[in-house]
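Quick setup: one chain, the form predicted alone, written in structure tokens, and binding and motion questions come after.
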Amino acid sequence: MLSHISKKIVLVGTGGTIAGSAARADDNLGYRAGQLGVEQLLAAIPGAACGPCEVVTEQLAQLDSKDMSFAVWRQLALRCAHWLGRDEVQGVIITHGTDTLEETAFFLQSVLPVELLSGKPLVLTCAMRPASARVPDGPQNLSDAFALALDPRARGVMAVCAGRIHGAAQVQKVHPYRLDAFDSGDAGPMGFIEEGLVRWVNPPVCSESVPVQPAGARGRVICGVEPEVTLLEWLQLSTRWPRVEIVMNYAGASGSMVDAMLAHASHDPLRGLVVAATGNGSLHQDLEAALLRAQAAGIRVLLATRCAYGRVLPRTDAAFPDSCGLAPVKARVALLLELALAKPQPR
């Protein structure tokens, strides 16, 4: 580290395939995620990729992102808020597994105050091959993340993978194996990283750097109700999270799963349900009947679509509110945060 350098990039490790290792270099499937530390990941990229900044590393977790937990989310949000709030920090990079990267990105965008993100980037990056692979993709993705974090136009929560820049609200994993596994749906990528340079096609601007959540103010609540505490303050006070589940519509879908969750929720009360509906929010009649029973019992029900592109178009006669374009997994994040602030649960 060079003490005379004033600007810093903070690199936070959480594990994932990018830090994964297998017994053989030709094994891209039978690896264990989260085996390498963030310092080892940093050592695998050229020093020039970090630019004229000092790099501060922090190992927050070493897990497979399929096992991402609320506890890690809470810690990650608080650490990101700490680093982004420091004047000498230019940006934060998080190494993350691909499986739940889109949920973590949206969660961080939702809970971090806009004043922390309007002028600084928070970049998530990942890999589809373990670090032990003959040709790992992690080092290039991490180098691209530094290029993005150092770009003067970068701000807000973004993800970079295979040279593409995605916004937190749009990014979604669309392929289980190929290196270019992420997509931004109808919106398209924000830009591209090419030979260490950022080429923006949908660049962030100060007023739009952090897309607005459905019908609410960022960092507070989704439904428009103004609570006494912000989401970040709530995270500092509580480790309890409202239970929100996802159910899917399909041919022959029944309401048995919904009814079972309602019947066995005494120890961990169900607070919300997100439905990955078919098409434009269509539901099997049996599933719809069960969801109506749940709604009558006080459970919040939110309607999303299982389609990869497009959104549920709202109808005046709809039995359930729609997710305002959010994919089911992100609609779940939005709903659990709304419910958390609607009834704060102190530790």
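Residue indices: 1-based, along the sequence shown. Values in this document were obtained by computation on a predicted structure and should not be read as measured data.
In what follows, reference is made to the form predicted together with a small molecule, a form of this protein that is not presented.
- Partner contacts here mean any heavy atom within 4.5 Å of the small molecule in the model of the complex, and among 31-39, 286-294, 49-57, 315-323 they occur only in 31-39.
- With a 4.5 Å cutoff on heavy atoms, Arg164 does not count as touching the small molecule in the model of the complex; it lies far away.
- The closest heavy atom approach of Gly97 to the small molecule in the model of the complex falls within 4.5 Å.
- When contacts are judged by a 4.5 Å heavy atom cut-off, Ala145 does not count as touching the small molecule in the model of the complex.
- Among residues of the shown chain, Met128 is one whose heavy atoms approach the small molecule to within 4.5 Å in the model of the complex.
- Contact with the small molecule in the model of the complex, judged by any heavy atom within 4.5 Å, is made by just one of Arg271, Arg74, Lys173, Arg155: Lys173.
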